[in-house]
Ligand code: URA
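In structure tokens, the next block holds one chain alone, the form predicted on its own.
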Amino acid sequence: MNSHFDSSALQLSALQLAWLHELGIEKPWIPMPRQADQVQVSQARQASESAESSASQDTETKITQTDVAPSSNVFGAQTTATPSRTVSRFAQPVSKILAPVVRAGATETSALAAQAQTLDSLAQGIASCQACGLCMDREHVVVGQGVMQPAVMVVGEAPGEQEDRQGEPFVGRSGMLLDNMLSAIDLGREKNVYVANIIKCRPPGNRNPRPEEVAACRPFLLRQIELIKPLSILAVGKHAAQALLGVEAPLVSMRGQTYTLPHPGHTVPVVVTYHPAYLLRRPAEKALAWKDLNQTRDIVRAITGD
């Protein structure tokens, strides 16, 4: 009996034999092909690999030509991707909070603040500021509200959710409590008070302002004080007091004292008290806040002679 296997008996083509070989099927009923068949298998395998390589290059070229397109950076300038670079279809977009990677910080804000000769021009500079990432998520810039040359300028920490929506400082429950506190010593936003914050844009989730954000926004506040010319300042909350006065002391130790903030031509007395939002959570501390308000009233009376 002839022991030589004839692959044609199974009616398997060279390509089919190559597939079976790639799958690792080496059963007794599929012996290895003759030398002539091996040549055909090798040629079929090379043709298959060549076709796959060509298809892969085709797909890569299409992705490069389709997905790489001109785009705008955060400053509005047109940028064009490098033609030879391949961009993945599934690449996730960069979050907008990470877009401003390099910022000038206080250097940028100091220049903007120094250029402002009026409160309106300062507000325009604040609205265009990109010194920190907070500008990417806020709805409104919260500059301030009240009268010029007030008896008291109230300085808080940062806008909350309601302030961000309305573009005004101290609204909602904490704003109502602040207005009631000021009214108790014959003060109000309509006649002798100006209200502002250290930070002009809302931090995400109402978190505490970060040191770099405070440093970037502080020049705006200092210029704001110069333009408004308040007789005194009431700093509400630990972060506002520390940022305004440049100290690291806890609020409890800052209360009951009168600080002075240097101002062109004279100094402004500063009193520190609790934030209205804190007093809503801890009503028992309102008695201490009342003492701070009386201290502020006495300072104003001493200045005005009333």
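Only a predicted model underlies this, so the values are computations on that prediction, with no experimental measurement involved. In case it trips you up, residue 1 is the first one in the sequence shown, and so on.
Beyond the structure shown, there is the form predicted in complex with the named molecule, which is absent from this document and is the topic of what follows.
Please identify, from 153 to 161, 126 to 134, 227 to 235, 108 to 116, the stretch that has a heavy atom within 4.5 Å of the named molecule in the predicted bound form. Only one stretch passes the 4.5 Å heavy-atom test: 153 to 161.
Give a yes or no on whether every one of 255, 274 and 295 sits within 4.5 angstroms of the named molecule in the predicted bound form by heavy atom. The answer is no: none of the three residues contacts the partner (heavy atom, 4.5 Å cut-off).
Contact flag, residue 192 vs the named molecule in the predicted bound form, heavy atom cut 4.5 Å: No - in the predicted bound form, heavy atoms of residue 192 and the named molecule never come within 4.5 Å of each other.
Contact test in the predicted bound form: residue 169 vs the named molecule, heavy atoms, 4.5 Å: Answer yes; at least one heavy atom of residue 169 falls within 4.5 Å of the named molecule in the predicted bound form.
Partner proximity in the predicted bound form: residue 174 to the named molecule, non-hydrogen atom cutoff 4.5 Å: The answer is yes: residue 174 has a heavy atom within 4.5 Å of the named molecule.
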